[in-house]
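Here you get one chain, nothing else, as structure tokens; it is the form predicted on its own.
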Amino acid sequence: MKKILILGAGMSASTMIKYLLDHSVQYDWKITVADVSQETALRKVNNHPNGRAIAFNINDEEQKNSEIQQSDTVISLLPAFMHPIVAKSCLEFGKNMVTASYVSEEMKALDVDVRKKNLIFLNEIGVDPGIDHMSAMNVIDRLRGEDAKITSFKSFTGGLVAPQYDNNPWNYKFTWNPRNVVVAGQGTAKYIEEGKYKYIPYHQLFRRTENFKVLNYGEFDGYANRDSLKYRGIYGLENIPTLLRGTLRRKGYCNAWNIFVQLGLTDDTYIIENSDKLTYGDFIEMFLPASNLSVEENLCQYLKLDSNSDEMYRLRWLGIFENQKIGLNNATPAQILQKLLEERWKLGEQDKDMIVMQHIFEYEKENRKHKLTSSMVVQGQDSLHTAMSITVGVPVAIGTKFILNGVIKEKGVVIPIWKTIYDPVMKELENFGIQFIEEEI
């Protein structure tokens, strides 16, 4: 009997937990779901005979070590900064570990010791990062095998609302952590284009977008992620002239979101005093020059916006000019904006979300230029098994299964860029409708 410890039972964990419980009889697994809320863990276990639900406190050293020591493999879906805490205990007690998060410097520093103990800490095996790595490397390795020279690689992913439930002018609803959406892109985006390094500061990020068409799902705008340059080494594309990774949103979203950026509403570094006594209209006015104009008119004049523009229509729909009290004390601008957006962008109980991913490769082969587009669209099943939960959780679950079954044999702190990992995982993902459609010119 193998024991799996799952730390964190949030939205992204639902489908992963179900997969592991569904396979627990076949593989003789016992699964402990540990969450800060035992009630949440109990709901996810759903009375399965091979499941156990517990309240878990990462700061309770005795509980943490006891649960990890009793397990064979630990899955951490805790906040990313907690992964190294879990990893050090896994290393101490000789346990394999799986996460969907990016490899931090602290995690990377454990690689030698993890190898010495003949363990694997498999990271970045969610959707982005995760499915993006595996699907990209599948194409890259194939083109290399055909002696093709890859000259450009662009990769974009978006977590969005499915078309039939897309019923607001922003064409967006929250399908994952709202805070991450509000503070997305902060910092400077770095990439390479036609052999030249490019940098986009945050205040210009949502102005510098690129248009994409994905299968029959229409048009999207893509903005650059923070650091695309590091993927040259990760993907073995050190000499590639163009490499860019980014995020997808529906057309028009970025233009409207840019208004919040220009005003400073996404800033999370200081507190607005007595914010609970302000209305949203008061809040917006605080970021505008003194004027006898209305808040709307002042905003249009300040940012040179047409009052009848699509951007202003989206802002009015959110209610940011209204006299509704914020009701959030001593909050940062980003927290105030997030509170408003959570009220308006909530994914309804009947709503379904959608993950869109597209890779665009340009390459030369036998003196001819080619362009290959590889696209994936996954829609959620319901409000529990969302597309986000499926595409984050299922790769984690499959990776865990293959570690326990000996299919994945790599050791150390790794990500799924090796054929021995991505090939079996991607093949099984097809059973969940996670597959790529290729179009080539």
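We call the rigid core the largest set of C-alpha positions that still match within 1.5 Å between the two forms. Position 1 is the first residue in the sequence shown; the rest follow in order. Just so it is clear, the structure is predicted and the values come from calculations on it, not from any experiment.
Omitted from view is the form predicted together with a further copy of the same chain, to which the following refers.
Checking Q204, N168, Q324, N177 for any heavy atom within 4.5 Å of a further copy of the same chain in the model of the complex turns up a single hit: Q204. The partner is absent here, but in the model of the complex a heavy atom of G264, alone among G264, G94, G319, P79, sits within 4.5 Å of a further copy of the same chain.
The stretch in contact with a further copy of the same chain in the model of the complex, judged by heavy atoms within 4.5 Å, is 279-287, chosen from 246-254, 131-139, 348-356, 279-287. Mapping the unseen interface onto this chain, T188 counts among the residues with a heavy atom inside 4.5 Å of a further copy of the same chain in the model of the complex. Using a 4.5 angstroms threshold between heavy atoms, L303 counts as touching a further copy of the same chain in the model of the complex. A residue is said to contact a partner when one of its heavy atoms sits within 4.5 Å of a partner heavy atom; I272 meets this definition for a further copy of the same chain in the model of the complex. Using a 4.5 angstroms limit between non-hydrogen atoms, E193 touches a further copy of the same chain in the model of the complex.
F121: CA moves less than 2 Å between the shown form and the other one after rigid-core fitting. Fitting the two forms on the rigid core leaves the C-alpha of V161 displaced by under 2 angstroms between the shown form and the other one.
The Cα position of P333 differs by 2 Å or more between the shown form and the other one after fitting on the rigid core.
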